[in-house]
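Heads up, the chain below is alone and in the form predicted alone; it's given as structure tokens.
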């Protein structure tokens, strides 16, 4: 695409930050940008916003989404701060619209979920036991296989944790993980780096990672009631022994007891790699205000277009961000070109 743009004589300013939209009588007529301290006013008959929504902006996440920043680990591209949303708001759009932070799988902060074997072991294995701030189990841990479902479970708790024992640790190292992380760490991969990763986190005093000789010690580390947690583990081990999870109906194949010290505990969080929405658009990808009135000369494309999405990332259609971006980009490009040529 860049080669074609160069062929057509387009100028691409890669180190020039868009700051504001130029608006005259309610119509967008260009962009104010900054390059090395120099302010530029670029006049245009049509402007297309394509800044990728606001995944790295925790303030917008807290104000406009159902997610809680403290329960989320953002692992997407840096610098996606909602610049397009801010500029559209300044140009007369009104409030941020239908902003949604999709969660995909679980992780352990600050580990990178796609490459960390410790994050896979602590957050994604269906054989783990999950418990909350009260030391109580709160969901079927086998939901980790679905990637999108367990995030709403974690969001529903004040804090969420997982625990497994030494026998499970040894199985992960010598036999391999059961779930992994999609195409990044395949199911069945032997987690040979697990011990080294664990030691690094323990040495760094990561408050979300614990190795304990007793359940009392584990409970104290995460500030949960020890008696409740021990009762939860005893009940869960009973399910594992009978092969029947009477509480959450977990697949018996994943019912693995937590009984052999030492024990490994983790604060688990939702893994978020992007954000959807924030800018009102109509089917022509023109930006509209809260009353549905078009802001002439302004278009938006890609992930920051709000209104078509729900609250769950559509893993039934992998790569859906690319599809949305290509589709909305073509629609906006066609309409913006027609306006510019009119």
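Computed from a prediction, not measured in an experiment: that's the story for all the values here. Residue numbers count along the first chain shown, from 1.
Beyond the structure shown, there is the form predicted in complex with a small molecule, which is absent from this document and is the topic of what follows.
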{"query": "4.5 Å heavy atom contact, residue 285 and the small molecule in the predicted complex", "finding": "no"}
{"query": "In the predicted complex, residue 44 touching the small molecule (heavy atom, 4.5 Å)", "finding": "no"}
{"query": "Distance check, residue 320 to the small molecule in the predicted complex, heavy atom within 4.5 Å", "finding": "yes"}
{"query": "Touches the small molecule in the predicted complex: residue 80 (any heavy atom, 4.5 Å)", "finding": "yes"}
{"query": "Heavy atom of each of 48, 100 and 289 within 4.5 Å of the small molecule in the predicted complex", "finding": "no"}
{"query": "Residue stretch of 36-44, 277-285, 295-303, 58-66 approaching the small molecule in the predicted complex, non-hydrogen atom distance within 4.5 Å", "finding": "295-303"}
{"query": "In the predicted complex, the one of 248, 184, 149, 221 near the small molecule [non-hydrogen atom within 4.5 angstroms]", "finding": "184"}
